[in-house]
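The chain below stands alone, shown as structure tokens; this is the form predicted alone.
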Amino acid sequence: MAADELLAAEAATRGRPLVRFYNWSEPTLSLGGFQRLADARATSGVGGLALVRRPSGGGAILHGSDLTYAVAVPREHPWGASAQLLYDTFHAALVRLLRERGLAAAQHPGRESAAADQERLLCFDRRARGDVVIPAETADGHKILGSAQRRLRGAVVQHGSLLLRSPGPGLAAHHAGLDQLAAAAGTWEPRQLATAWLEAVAGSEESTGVVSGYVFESGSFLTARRDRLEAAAARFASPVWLGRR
């Protein structure tokens, strides 16, 4: 979370979008910025999990079997002016990529009444306009990608989680990942998938005139800001931040 906050500051400084992909060293439940900690702790299966609170909104995500991304966009950037445009830029690109592999992915139109979704703790139990789903026996399908945003002082940060495999027994065992839903479409190695996804984003209609290409960095800007990163990490790890709601 601290690295993503610095990513947002760096995007504002450079005046262009920056994207970070990462995974998790242990199963961790990330709460949306506006969710109540008490609601999470009262949910069966949460006990014993590492907990962190994101600055972005949305529902809680059980990480560890997913590919997580953060994209930071300067507020004056075209993507920063429309929440839905930023969602669709990344979600529609993934849909195209999956369809190229023969998987019938689609973006969910959103539920008529989203109020009930707010009572569901987990992001993957909710459906918002633009979520990436794999059609199934139910109209809502299997959700494999959801994202949430937060507008910061100089940038918009969007977090997203792509479910690569089921989290397994426990809290989110009913969530199916790409390995189950698309076994015939080949392997889903995270680094290769991230590269192909960025290529799809850069080549999308939403990126026309906005993105001319991309480069991979090793996170050198984080290394150069080690003191700021450690200070931000301490704040995000504090009980005050976790229990702010």
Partner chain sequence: MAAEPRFAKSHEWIRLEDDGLGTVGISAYAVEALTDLVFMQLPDVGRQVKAGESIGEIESVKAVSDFYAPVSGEIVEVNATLPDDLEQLGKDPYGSGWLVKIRPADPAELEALLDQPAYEALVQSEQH
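Numbering follows the first chain given and starts at 1. Keep in mind the model is a prediction, meaning the values are calculated, not measured.
The form predicted together with the partner chain is left out here; the points below concern that form.
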item: Per-stretch contact check against the partner chain in the predicted complex, the hit in 152 to 160, 167 to 175, 99 to 107, 133 to 141 (non-hydrogen atom, 4.5 angstroms); value: 152 to 160
item: The single option of Ala148, Ala92, Leu86, Leu121 touching the partner chain in the predicted complex, heavy atom within 4.5 Å; value: Ala148
item: The unique member of Gly45, Pro190, Gly203, Gly57 whose heavy atoms fall within 4.5 Å of the partner chain in the predicted complex; value: Gly57
item: The partner chain in the predicted complex reached by all of Phe34, Ala128 and Arg244, non-hydrogen atom within 4.5 Å; value: yes
